Ligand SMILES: Cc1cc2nc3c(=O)[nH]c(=O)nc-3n(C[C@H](O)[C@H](O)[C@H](O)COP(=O)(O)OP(=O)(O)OC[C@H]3O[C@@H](n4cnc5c(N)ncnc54)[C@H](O)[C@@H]3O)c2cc1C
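Just the one chain here, laid out as structure tokens, in the form predicted alone.
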Amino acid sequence: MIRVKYLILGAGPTGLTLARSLLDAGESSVLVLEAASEPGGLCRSAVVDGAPLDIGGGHFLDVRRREVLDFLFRFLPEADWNLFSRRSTIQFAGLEMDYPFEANLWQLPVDEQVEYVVSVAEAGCNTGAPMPRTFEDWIVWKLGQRIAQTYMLPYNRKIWSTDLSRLGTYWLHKLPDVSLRDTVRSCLTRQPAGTIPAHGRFHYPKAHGFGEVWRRLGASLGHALRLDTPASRLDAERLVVNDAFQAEHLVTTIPWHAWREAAGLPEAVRAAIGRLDHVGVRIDYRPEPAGSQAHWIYVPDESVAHHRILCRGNFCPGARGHWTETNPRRAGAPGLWQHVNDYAYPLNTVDKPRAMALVTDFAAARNITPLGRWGLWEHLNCDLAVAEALSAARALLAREAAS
């Protein structure tokens, strides 16, 4: 039995950052177990048709968290990244509109602009109607019937491929209301108005895929990282993994579904884990150019299988072709190269907060810390995952110092 103070399950951005931070602080008893043969999780890359392709979908480094940038630039220096101003578009009604939709209605014919503006004015968030409990109703309340029916509902049906009434609204509190004033202003001035979307400016490696920074971060861990080591047998009472590794403190960043057969798991917690849902993403590489100047394109048309196109030549120098992202539950012609990620996005079902409360209370009582996208069952972008891992490292070390 190998005994360590901190045993971390999963070498995605969260697990890697946490391990490196603990080691940097002088903690030597750290070990990360990763099922795959390389680190990075959903942020891994492969070389496809002579250029990098991100096998977990499009991931980009947001510029807004300086602490995260400083940390990651230690492993892939800032000079090795390009900085871009985001250009994303929407394939809609035979047009390629700029994103976000409501800020670029001026790109539609005038008669359609009028109908959309009236619909925004009638949206519940602008009339004072109470916010609904389900995601499907929330979209109409937030954007108005017309944007909801022609764009947002079809797009979300594609990416989640589930009944949207199953999803709650508790995860949407940070999104600003659609401003009628900004919508009208954008139509009159024929330019976008309002809130800049996430990743308004972003970094992407000059000569590598996005996975390179995580590969180097993993390499920096040396013997503290064990690849090709899935957590196949878990004992939640003894904090033992695979009958071979025992932890004083166990950090889990892997999907909770891996814990369903764990020893010492109460039936109520096992049932709660069973209620957690998720969706995957299928990546298909296509060698023909996407024919767009955008970095990525959203595709709400439900007659098309994929929901997003990544125009890699527009952010990855020297690359040709593009890749599409599709929920694996949807049919679609395969590309020249394909990769399926069974776990891509946690689903924010109405019941998720109650299920996760049972799971996290159980974990806290046994010195288990859930962290990252799958430990918390939240859709965290990689920059936020890194920020939370840095914070978690400080909290763990402070608790250790106080004990």
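Numbers for residues come from their place in the sequence shown, where the first is 1. From a predicted model like this one, the values you see are computed outputs, not experimental measurements.
Heads up, the form predicted in complex with this ligand isn't pictured, but that's what we're talking about next.
**Q** Determine whether any heavy atom of Glu325 comes within 4.5 Å of a heavy atom of this ligand in the predicted complex, and answer yes or no.
**A** Because a heavy atom of Glu325 falls inside 4.5 Å of this ligand in the predicted complex, the answer is yes.
**Q** Should Gly58 be classed as touching this ligand in the predicted complex when contacts are defined as heavy atoms within 4.5 Å?
**A** Yes, Gly58 lies within 4.5 Å of this ligand in the predicted complex.
**Q** Under a 4.5 Å heavy atom criterion, is Val299 part of the interface with this ligand in the predicted complex?
**A** No, no contact at 4.5 Å.
**Q** Check Ala258 for me: does it contact this ligand in the predicted complex (non-hydrogen atoms, 4.5 angstroms)?
**A** Contact with this ligand, yes.
**Q** From the list His199, Lys142, Lys158, His295, which entry has a heavy atom within 4.5 Å of this ligand in the predicted complex?
**A** Flagged contact: His199.
**Q** Let me test this: is every residue among Gly12, Cys43 and Ile254 within 4.5 Å of this ligand in the predicted complex, going by heavy atom positions?
**A** Affirmative, all three are within 4.5 Å.
**Q** To test your reading of this chain, name the stretch in 58-66, 360-368, 347-355, 23-31 whose heavy atoms come within 4.5 Å of this ligand in the predicted complex.
**A** Heavy atoms within 4.5 Å of this ligand in the predicted complex occur in 58-66.
**Q** Where, within 203-240, is there a heavy atom within 4.5 Å of this ligand in the predicted complex? Residue list please.
**A** Counting only heavy atoms within 4.5 Å of this ligand in the predicted complex, the contacting residues of 203-240 are Thr229, Pro230, Ala231.
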